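Quick setup: one chain, the form predicted alone, written in structure tokens, and binding and motion questions come after.
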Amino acid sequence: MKGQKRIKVLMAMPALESHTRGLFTVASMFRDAGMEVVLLGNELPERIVDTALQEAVDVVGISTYCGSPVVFGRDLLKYAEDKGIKKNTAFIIGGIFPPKDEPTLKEMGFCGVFPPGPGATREKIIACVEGAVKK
């Protein structure tokens, strides 16, 4: 990546989440792929978007385990749209949630949705982020 701008990713979880393994695992994947990672941790959608603006990130990654990804995602992407960053920032979400939520999350604006299963490999997650940033 010499001479290229590093992809900058903000990683966060819904405010009441308590399972951090996924967040740290994916953050490590991004770091190992040469990306800059900002770990925010547990926050509300407004704080996540405000931090994304402040840090000028390319990607916002959400890790969820027991929250409602559709409700949280809707609020996050609505606030991102209100703040004017939805079109220029890639949003991805992964974790433990019903696979039936995947189409809804994609329709809402998440470019990458990674429920449990074979679709959530390191290679697919990294490729998703790199592809989204190139667009």
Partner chain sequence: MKLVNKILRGDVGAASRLMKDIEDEAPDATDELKKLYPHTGKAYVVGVTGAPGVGKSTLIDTLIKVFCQGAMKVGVIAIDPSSPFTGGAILGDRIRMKYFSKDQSVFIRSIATRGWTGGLSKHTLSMIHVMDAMGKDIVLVETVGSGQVEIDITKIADTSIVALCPGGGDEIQTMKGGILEAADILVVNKADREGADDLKLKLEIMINRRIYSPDQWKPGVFLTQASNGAGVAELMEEIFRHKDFLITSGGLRANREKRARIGLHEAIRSYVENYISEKIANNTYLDNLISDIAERKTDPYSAVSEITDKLIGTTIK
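None of these values were measured; they are calculated from a predicted model. Residue numbers count along the first chain shown, from 1.
Missing here is the form predicted together with its partner chain; even so, the following discussion is about that form.
Answer range among 41-49, 103-111, 69-77, 90-98 for contact with its partner chain, defined in the predicted bound form as heavy atoms within 4.5 Å: In short, 41-49.
Contact of D82 with its partner chain in the predicted bound form (heavy atom, 4.5 Å): Looking in the predicted bound form, residue contacts with its partner chain do not include D82, since no heavy atom lies within 4.5 Å.
Non-hydrogen atom within 4.5 Å of its partner chain in the predicted bound form for each of Q4, V37 and A56: All of them do, each having a heavy atom within 4.5 Å of the partner.
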